[in-house]
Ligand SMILES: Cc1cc2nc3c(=O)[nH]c(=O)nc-3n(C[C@H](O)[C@H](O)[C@H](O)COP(=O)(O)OP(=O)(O)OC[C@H]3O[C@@H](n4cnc5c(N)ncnc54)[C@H](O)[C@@H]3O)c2cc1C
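Consider the single chain below, provided in structure tokens and representing the form predicted alone.
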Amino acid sequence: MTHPDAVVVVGGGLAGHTAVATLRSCGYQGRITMVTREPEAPYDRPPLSKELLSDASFEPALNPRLDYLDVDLRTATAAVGIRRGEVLTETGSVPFDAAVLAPGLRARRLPAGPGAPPARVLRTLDDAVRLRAELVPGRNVLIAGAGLIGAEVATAAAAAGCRVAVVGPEFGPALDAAPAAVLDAVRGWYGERGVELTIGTRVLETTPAGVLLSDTGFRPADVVVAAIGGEPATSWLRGMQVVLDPAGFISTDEYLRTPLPGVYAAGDAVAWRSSRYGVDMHLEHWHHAAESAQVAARNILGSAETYDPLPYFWSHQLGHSLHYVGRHDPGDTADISPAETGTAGNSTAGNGTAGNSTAGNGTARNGTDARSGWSVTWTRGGRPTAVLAIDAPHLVRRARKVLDAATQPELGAAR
């Protein structure tokens, strides 16, 4: 296959950067243009909710840097449309033979009442710098959202000496349908850090002096942070030949191709057809952004790789590490094991459970002692579907092999 003469990458996040680096590492010598709406060159986002909130000297970066990759980088330039062979931007059109769309997400916002300042969000470097300046000892910080970002911001705010409260209708994705013993342990982590946690409520809107909650009404706060997820930054693609699903994600096939010739998509804003799970999937995590961009770039250069990964993400929060691999449903059976036993390591594709299994409100076998690692394994019909390793990342390495075998497409009927 003849390589394209010109590639355009839309988006300056990890997926966009990885697409560029992969093209060059595969020997591509043509012209690459990167268009990003952010004013900065690409940088790593995970530190925004971790190191950067607590260390003013920390500088997130991605290597190799773009100046070594021979890229025409156009920062502070928003894409406004696309048609065959041309990306349209605020400053003019950029021609291409192939393109990777990696626009990422925008942070969801809380409604603001009359006279209320907008809640802080955490999606960009500027967001992190502004939020860090507000984490002053003694300030009353309220975080809407008890998912991964909410917990990580709470960790930084508590370490800065703030009075911190986290509210949300439920825990985040790794803890969705987790056994009660797991949720009790996580609640204990918040308490150990002096963070007040309220699950089962949500913020209706911000006010000039705090927030309105769905159950108890007004609550004062000096700083309000919205950690309620993101939405695809794809409004500029509506009405184009690129197809968006009802939630705004870019629809692709298993090769990450869009219907527009030569145009692929990668990263948080893509929804691809998964043979592994038999559904259209989207993920919003670091490993997915990098791996999808690598596949899209190689396919631009003539490969024919399907993209069908096991979902995987990790978080460090409240003094603990969480590593999750797989995909569980609320009806799956959950089993808790201490790290020494390692449910994930002992499971096999044909027999994934290990003692004391429960559905929905699992009881901890040998306890969930915060001082030692443990894991949760979800199963369906005797096959493992997901593993959550807490303070025991080595269990995930073993679990990936088991889950990969158990979720191959040919086993779909058994799932």
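Just so it is clear, the model here is predicted, and its values are computed rather than measured. Quick note: we count residues from 1 along the sequence shown, nothing fancier.
Keep in mind the form predicted together with the ligand is missing from the figure; the text below concerns it.
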{"property": "Options 129 to 137, 171 to 179, 70 to 78, 296 to 304; stretch whose heavy atom lies within 4.5 Å of the ligand in the predicted complex", "result": "70 to 78"}
{"property": "Heavy atom of S375 within 4.5 Å of the ligand in the predicted complex", "result": "no"}
{"property": "is_contact(D268, the ligand) in the predicted complex, heavy atom dist at most 4.5 Å", "result": "yes"}
{"property": "Exercise: A102 in contact with the ligand in the predicted complex, heavy atom 4.5 Å", "result": "yes"}
{"property": "Close approach of R108 to the ligand in the predicted complex, 4.5 Å, heavy atom", "result": "no"}
{"property": "Listed residue that, although the ligand is not shown, lies within 4.5 Å of it in the predicted complex (heavy atoms), from V94, A233, L260, C162", "result": "A233"}
{"property": "Answer option from A151, A98, L122, A157, heavy atom within 4.5 Å of the ligand in the predicted complex", "result": "L122"}
{"property": "Residues of 21 to 38 having any heavy atom within 4.5 Å of the ligand in the predicted complex, listed in sequence order", "result": "V35, T36, R37, E38"}
